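Next comes just one chain, in structure tokens: the form predicted alone.
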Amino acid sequence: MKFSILVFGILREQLSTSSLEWEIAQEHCTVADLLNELKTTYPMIGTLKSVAVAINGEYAIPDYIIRPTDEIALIPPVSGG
């Protein structure tokens, strides 16, 4: 299964891109599976306090099964005042 992933905030800066193309061999991929795969390839994702995943504009739970047509976004923690 192939995904397009939008990347925001500090992740966008660290990865030097606003989107990733990602392919996973397994038939059913959860949000947790995707994050684990991404952390293996991009260790800086694992160093952040938290990374939220949004699917189709809404925050997703870890066991949500991603569909090929879903819009996926990685949202790192936001700070400010």
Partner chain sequence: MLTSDERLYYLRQLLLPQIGEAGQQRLRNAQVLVIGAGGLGCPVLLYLAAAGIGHLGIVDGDTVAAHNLHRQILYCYTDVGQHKATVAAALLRKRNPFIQISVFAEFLTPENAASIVSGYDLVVDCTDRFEARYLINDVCTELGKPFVYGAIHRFEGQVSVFNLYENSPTYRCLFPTPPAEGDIQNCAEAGVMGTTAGLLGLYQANEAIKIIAQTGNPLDGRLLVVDLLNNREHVFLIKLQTNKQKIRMEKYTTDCQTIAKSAMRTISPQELYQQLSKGAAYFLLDVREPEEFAICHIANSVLIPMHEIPVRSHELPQNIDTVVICHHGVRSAHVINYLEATGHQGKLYNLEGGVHAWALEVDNTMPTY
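Residue numbers count along the first chain shown, from 1. Just so we're clear, the structure is a prediction, and the values are computed from it rather than from any experiment.
The same protein also has a form predicted in complex with the partner chain, omitted here; what follows describes it.
Annotation: in the predicted complex, residues 8, 50 and 57 each come within 4.5 Å of the partner chain through at least one heavy atom.
Taking the partner from the other structure, the partner chain in the predicted complex has no heavy atom within 4.5 Å of any heavy atom of residue 1.
Of the heavy atoms in residue 44, some are within 4.5 Å of the partner chain in the predicted complex. Taking non-hydrogen atoms only, residue 67 never approaches the partner chain to within 4.5 angstroms in the predicted complex. Although the partner is absent here, residue 73 lies within 4.5 Å of the partner chain in the predicted complex, judged by heavy atoms.
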